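This document opens with one chain alone, in structure tokens, the form predicted on its own.
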């Protein structure tokens, strides 16, 4: 396994088995994270140990296949993670031998000139089937390992450094459903956020879910301290089930109840993600219903102007509402006391929506 797959404890055990002091572990891993996964040079450990790490483990198991940079400074990477024995036949028919399994991650420059945010993926593809999302078109191929997610973080940290910025926050909003890969996602976050390694801090990590209620409750019970975002996209079960298939399993009321439990236990304000689709979920009545559902909940609503991906899984093509209609939806929410805003669209000129770059490369 690559060095990215190890935390301090597991690497201590490996080094001990190799006959080296456990004290070598933290400083070697910290150098690895500080260098954005590029080097373990300069660490005061035995030369033989470093040679063995590089020879038997390697620093990375992933590679950058494609890099795109938008006019607004957003950088999108297509990361090759190799093929899995569980890769679906459909996905294999789409993938070329040179691309194989791949995921996207994105670096988004902050308004502050010295900072940036990163978005990482948790699975190759996605099984959630959201009809307006490009990530779902090939289904899910496999879940990523914790190390493959850590390496996305490290690739983005390196990109930020080259732009003179510091990667300050990470959101799990890329390809896949993080709560369907819970153990690996939380293991990766522990290494990204923990002071010994990535050191960005738990308050700088957000996990986004389509609304997997048992996963939200598990986050509540474990009290890890990261922020939560929920992709709701509709205030009623009928509309939501038509565009988000998991709506047939988890009702809007059940999702919001789980969200309230999370907020009560952690004190973290949850973000409600809502992609506006013309004639589907953008009516005045739906805005009023959403405001009613969130009344007194202290949640923030993040309205997302739809980024066209062509036909969805169902074959239907969606459109972005007019600016006037979107502004009206926002005004209704705010008029009823909901904290709401538009997400700033990023990377529109470089296949900005989740899954678009991978879909184009595999086409």
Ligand code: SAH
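Numbering follows the first chain given and starts at 1. Remember, predicted model here, so these are calculated numbers, not experimental data.
If you look for the form predicted in complex with the ligand, you will not find it shown, but the lines that follow are about it.
Contact with the ligand, judged by heavy atoms within 4.5 Å in the predicted bound form, is confined among 165 to 173, 107 to 115, 287 to 295, 256 to 264 to 165 to 173. Site residues 177, 210 and 309 are all in contact with the ligand in the predicted bound form, judged by any heavy atom within 4.5 Å. The closest heavy atom approach of residue 231 to the ligand in the predicted bound form falls within 4.5 Å.
Proximity of residue 132 to the ligand in the predicted bound form falls within the 4.5 Å heavy atom cutoff. Proximity of residue 102 to the ligand in the predicted bound form: non-hydrogen atoms within 4.5 Å are absent; the residue sits far from the partner. Mapping the unseen interface onto this chain, residue 152 falls outside it, with no heavy atom inside 4.5 Å of the ligand in the predicted bound form.
Of the listed positions (304, 332, 29, 299), a single one reaches within 4.5 angstroms of the ligand by any non-hydrogen atom in the predicted bound form, namely 304.
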